[in-house]
Ligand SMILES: Cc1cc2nc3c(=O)[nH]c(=O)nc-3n(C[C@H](O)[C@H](O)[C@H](O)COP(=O)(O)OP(=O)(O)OC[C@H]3O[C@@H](n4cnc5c(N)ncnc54)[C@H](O)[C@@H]3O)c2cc1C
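The chain below stands alone and is given in structure tokens; this is the form predicted alone.
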Amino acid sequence: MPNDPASSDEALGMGRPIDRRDFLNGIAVAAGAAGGGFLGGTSAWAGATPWPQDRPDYDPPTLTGLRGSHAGSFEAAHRLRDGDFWAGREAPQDTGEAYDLIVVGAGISGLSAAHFYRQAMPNARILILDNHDDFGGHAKRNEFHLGGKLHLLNGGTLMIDSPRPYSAVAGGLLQALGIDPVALSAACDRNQLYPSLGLQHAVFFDKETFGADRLVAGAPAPYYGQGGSWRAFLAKTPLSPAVRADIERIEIGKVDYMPGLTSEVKKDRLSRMSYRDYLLKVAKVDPAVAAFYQTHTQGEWGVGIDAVSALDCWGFAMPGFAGLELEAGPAPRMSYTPAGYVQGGSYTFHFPDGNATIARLLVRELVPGAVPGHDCRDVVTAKVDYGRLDRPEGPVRIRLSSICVRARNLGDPASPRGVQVAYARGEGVFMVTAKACVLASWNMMIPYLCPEMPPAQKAALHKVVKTPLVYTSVALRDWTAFHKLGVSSVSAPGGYHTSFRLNWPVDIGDHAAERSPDRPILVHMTRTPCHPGLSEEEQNRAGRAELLTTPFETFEREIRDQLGRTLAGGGFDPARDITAITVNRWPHGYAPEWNALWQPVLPLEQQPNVIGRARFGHIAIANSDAGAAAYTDCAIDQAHRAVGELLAL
């Protein structure tokens, strides 16, 4: 949403004090490491200056500003990609450390790999390296202390859900961690809190896209899951009568736009056209209708309706297909209805910080004493002792802010005698060895870490282009504006962030959802940097470049402007009411899934993710990329597969 020329930075509150601890702590950490004062984990070199993660006040979930892929987490990797990382460098410093297993990546897949390896080899020594300043990978925790109360939001993956039932392996891991999603959902989910206060979903029509700024609450079923009449809702919008009529026809009409064709033929045609083309060329709606629906697919797939097949959108219960009378069956990606997943989908539940709690439970198991407590309820409010993560006496060690720059088999990959891993930390490069290695990092970096890999495998790994996205957490001094306007969540088809909502209400352990509108709360905002008109992969590449070059100041200005304009009717003042902002920037976000519009149907053994994940000597690959699905169960299953490959050697 472009800035309103009438809105000055002063009116938006750009000059107001705001919690930006990342500018102090994050840059200080990088500067300290770059200065050469830090030599490595306290375990490796007696008398070395402690790394930040070993300091008593180290608490990355509380940092604000630009998070996600934060400064210091990717620069060495980019230099490796560009071919100049090793130029002029001395050989890596040998730490003398030797392990049974080295895991590169402390996300859900990497932590799960360590768990499965320890299950099979209880006495194994494991080192986990991660490029970020916190563990969890995309399972990022945002923690705020507002008005004397702990507030949590997900900065990355949110749900324990999948279009498929969890496998025995993935479900078994949740059970081993004490997570019963069905019981937790029944006991902890407070989804009726906002409806009980009369709050509804709303759509914000911005003047740049729709001709006027207008917030309209109460969008009806089926897509928004609320009662009411589409005609009454649309009458409040700034849309023309012709556009309103077309939207009503798409939403509640039962027109067969492909008469005389069988369901099978219709599905085939829908799989080869975008939902945008279906609306414009088949249903023949006004072009302004496409603008209304353009961002409906971004939350699930990271791109707009121009890059998602119409068949996928039918499977996701989007409107306009009722008259086609298509036979039941899965869409290419998934099948979903407002009542839940069909075709055997999984249970759903999320902790207040999303899947960060799963990561915390795994760390509690792997590094005893690092995360106090005993179950999945008390872990939510537990304070992590980061100083315990990388102790010399620990059988499992987690070393943060350590970017892997090389992983190679010692000897012939066909019969190696172990692996050697080099990582960058600050300005230093260090080397460790192990019997085996799991690369639980992003696929596109693996060819640079393992240049000796077969060309076909490297080419397959390079084909993975992850979906960029932004999850923003905004702290407000209160939510009276939402209450006055009668809204709890907002879709913004033309907005910089295409949706935002009041924090999901979840009561668990000592964490209680906020119930009073005059108290502080967090707002979750979502942005996917799309470039309509390009293929999905090209949009992802362009969006990734955009995120890496967008400063925090731009995000802050857009956030203040968007919330100010949307909630103006409720008395919201961005300069007064916004107290902190965390922007979780993920240039490499969702694992990509097959897209019928742009990719051919291939046998399993020819699919890039399958070719790319092949074991290479004593190096195995585990991540959601390897499973071509952006779900937690996929990350866990791929970890189990990779560990199994190594244990079979």
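Only a predicted model underlies this, so the values are computations on that prediction, with no experimental measurement involved. Each residue number is its position in the shown sequence, starting from 1.
There is also a form predicted in complex with the ligand; it is not shown, and the following applies to it.
- Only one of 363-371, 230-238, 436-444, 261-269 lies within 4.5 Å of the ligand in the model of the complex by heavy atoms, and it is 436-444.
- Proximity to the ligand in the model of the complex, taken as a non-hydrogen atom within 4.5 angstroms, holds for one residue of 543, 320, 136, 302, which is 136.
- A heavy atom within 4.5 Å of the ligand in the model of the complex is found for exactly one of 173, 129, 380, 490: 129.
- Annotated contacts: 473, 505 and 508 are all free of the ligand in the model of the complex [non-hydrogen atom within 4.5 angstroms].
- Put simply, residue 156 is close to the ligand in the model of the complex: some heavy atom of it is within 4.5 Å.
- Within 4.5 Å of some heavy atom of the ligand in the model of the complex lies at least one heavy atom of residue 402.
- None of the heavy atoms of residue 616 is located within 4.5 Å of the ligand in the model of the complex.
- Remark: residue 104 counts among the residues lining the ligand in the model of the complex, judged by a heavy atom distance of 4.5 Å or less.
- Along 589-621, a non-hydrogen atom within 4.5 Å of the ligand in the model of the complex is carried by 589, 590, in order along the sequence.
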